[in-house]
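To begin, one chain is listed below as structure tokens, in the form predicted alone.
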Amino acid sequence: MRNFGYFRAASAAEAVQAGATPQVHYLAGGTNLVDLLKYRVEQPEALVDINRLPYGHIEELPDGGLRLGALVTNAATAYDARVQARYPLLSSAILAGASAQLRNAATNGGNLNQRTRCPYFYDVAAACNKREPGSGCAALGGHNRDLAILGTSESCIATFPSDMCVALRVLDAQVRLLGPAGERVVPIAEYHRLPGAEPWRDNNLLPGELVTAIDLPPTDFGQHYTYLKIRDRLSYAFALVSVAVALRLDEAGHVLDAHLALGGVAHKPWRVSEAEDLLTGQLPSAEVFGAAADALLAGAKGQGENDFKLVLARRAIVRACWQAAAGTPQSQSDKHIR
């Protein structure tokens, strides 16, 4: 780890001014950033500590939604009574991630901005366009068991590791930002980027911008939801494939509205409106759920070691749809799939 400067911001204006300087990073929980510093993946000239800024609360919105402060910890968010009652999918997704110790330190803003866990990204001796633009991608033709099958490019096949963000994508969250040009709001669908020819750009943050909050719109999905995470271990492991599903059903059981997203398979949470349209108006069935799975996975391509994800993802989508339709969400304390 190289030496770096340290500045504790007393106000948002101070933080934005300091953060607009090249090679300066914001520091909140540090659960991802500290690892990146240790491995010399990130070598900033200075860190701006934002923990004293007023973004550590969950607030009611006039329309019935919730505003999640960027500095609220993942644990505090998952266990908030309002989140559990109105957005149980989000609570479940957060509790599926990391460990209790990490969730107690990691923040909502940091979760949005965490970087890939691709092994070649963390190995500074390996070619990685995300870490060193133009150096190549060692994962192509290399060890890529955990990597992407959707939205890839010839420059990068890394995956985005967040569980929380998969649920936020289903819930149509809005990300509130503050930067040198003032405030702006970005839909979660437009926040993260696919790799394209610029895989080093994880998201659409502008220089110096800071996440201040995540807004959740009011929802009426009720208890027809699930967050199903398939991984190598039952805890403290990143998803090979994860599925977030939220359904709204009528009294006869027909699907009135459906939101589905995948994690562990792309550079961002993966959602396809055509897959959701195939569920609308239908009674739950293996045929209907299979068609939605095929639409959600359209264009998926294995990279060799991760070819199994093509089959695993389809089965996980169908299983998750059944769980949501039945109102029997995946337990995050007993992680065995029923």
Partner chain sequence: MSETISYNNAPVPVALTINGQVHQIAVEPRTTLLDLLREHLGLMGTKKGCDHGQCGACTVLLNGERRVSCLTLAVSHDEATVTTVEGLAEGDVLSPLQQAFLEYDAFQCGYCTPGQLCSAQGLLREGHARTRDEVRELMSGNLCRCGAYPHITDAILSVLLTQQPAP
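Owing to the predicted nature of the structure, the values given are computational and were not obtained by experimental measurement. Residue numbers count along the first chain shown, from 1.
Form predicted in complex with the partner chain: not shown, discussed below.
For the partner chain in the predicted bound form, the listed stretch (274-282, 36-44, 57-65, 309-317) containing residues with heavy atoms inside 4.5 Å is 36-44. Gln101 is the sole member of Ser135, Asn204, Gln101, Gln223 with a non-hydrogen atom within 4.5 Å of the partner chain in the predicted bound form.
Contact check for Leu140, Ser162 and Glu190: none of the three has a heavy atom within 4.5 Å of the partner chain in the predicted bound form. Among residues of the shown chain, Gly29 is one whose heavy atoms approach the partner chain to within 4.5 Å in the predicted bound form. Taking the partner from elsewhere, Tyr79 is found to have a heavy atom lying within 4.5 Å of the partner chain in the predicted bound form. The partner chain in the predicted bound form is approached by Ala105, whose closest heavy atom lies within 4.5 angstroms of it. Put simply, Ala13 is far from the partner chain in the predicted bound form: not one heavy atom of it is within 4.5 Å. With contact defined as any non-hydrogen atom lying within 4.5 angstroms of the partner chain in the predicted bound form, the contacting residues in 51-87 are Asn51, Arg52, Tyr79, given in sequence order.
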